[in-house]
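Provided below as structure tokens are two forms of one protein chain, presented individually as structure 1 and structure 2.
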Structure 1
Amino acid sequence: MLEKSRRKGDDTRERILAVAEAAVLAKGFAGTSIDEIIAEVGITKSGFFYHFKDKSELAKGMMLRYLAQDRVVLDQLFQRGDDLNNDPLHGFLVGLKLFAEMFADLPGAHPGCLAASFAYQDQPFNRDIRALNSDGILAWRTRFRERFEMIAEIYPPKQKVDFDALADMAATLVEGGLVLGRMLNDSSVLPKQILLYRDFVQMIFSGGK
């Protein structure tokens, strides 16, 4: 009975976070109210405050959930690339192709990125949430830079390359591609950008062995 109650509580919390994320991506954090969230989830105010003491704690929960999901998706995609290729460059290129295909398979334009939405509205958030958002972007930089360093040991670029900047380019094009795709209502924008990035990475390292 206790386990069933705990599961139900976890399901409710997850539903609150999912509904809140959809609302924030549609109209921003400041424009999203607790009242509309509880109405959509179908709970009482006391039910909401059982899981989150205030809107700031909700924002932190949303960011932690987003970062965890982001990490799992990237881990799975690039692990699949490595499983298919015993080479750090070609495994990475396959991972990027799978990444592009994931976005191409969406039924419509991606609604956006929670991290970007929070960055655009930085003022309502406390230091902890800002730090989480920053950590998420830095995690992307670390992930990609470490891969580039591994690739360079086998395929050294002909010219000096700032691997941090090359890594940041991935996050930049994803965020920009999401915005442009949403503005144009064109779900093909981001996949095309990722594939161009893939070609660019391949060109940088193609002068090696």
Structure 2
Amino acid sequence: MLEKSRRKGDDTRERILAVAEAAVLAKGFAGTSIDEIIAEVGITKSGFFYHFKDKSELAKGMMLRYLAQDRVVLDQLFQRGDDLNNDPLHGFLVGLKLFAEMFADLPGAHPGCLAASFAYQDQPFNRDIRALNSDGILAWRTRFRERFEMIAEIYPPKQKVDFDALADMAATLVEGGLVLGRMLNDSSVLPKQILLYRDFVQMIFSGGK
């Protein structure tokens, strides 16, 4: 039928993950039934359990997929920021602007974050998921902190700042912004918060303006 590039099943697995992601972002993990997923993918229940031994394995697969996409998108974004401006501070500020625009331009209003979706789920499957989640956040922290250290060499901040906390602030605002966006049904919350964060970073490293 379609392409039969690598394995036959890889394609089905990928389709399950894609369908599941859309459903979970729209209705939450608990609110998404397997029956519903397989109906959309066009397979049977047995087919589903051939690929994932249970629902938590599905969640794990979704997280891995999500984090990989996430990493690629973020890399591209801040790379573009640096391409447009080779000063580490201004490259970062451009990256943040692009980041805000990305969230502003998202089609379906409020996508939400898979990670957060899982963070507020029950314990059992969270052992594994939480580890993945944790790694994802820690990657952000490291990436941003290293950037701040680079920036600080050129623009020494007037007052001392905890770079780890400042790095975490980005992820915090994204997660919180998505939550507020959902609550208020207003997708402009998150981009505005990112831009405020941008102002904050700018103030810290280059004073007033």
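For the two forms, the rigid core is made up of the largest set of C-alpha atoms that agree within 1.5 Å on superposition. When a residue number appears, read it as a position in the sequence of structure 1, where counting begins at 1. Being a predicted model, the structure only gives us computed values, none of them experimental.
Assignment of forms: the chain in structure 1 is the form predicted alone, the chain in structure 2 is not.
After superposition on the rigid core, the Cα atom of residue 176 is displaced by less than 2 Å between structure 1 and structure 2.
Once the rigid core is used as the reference frame, the Cα position of residue 51 differs between structure 1 and structure 2 by 2 Å or more.
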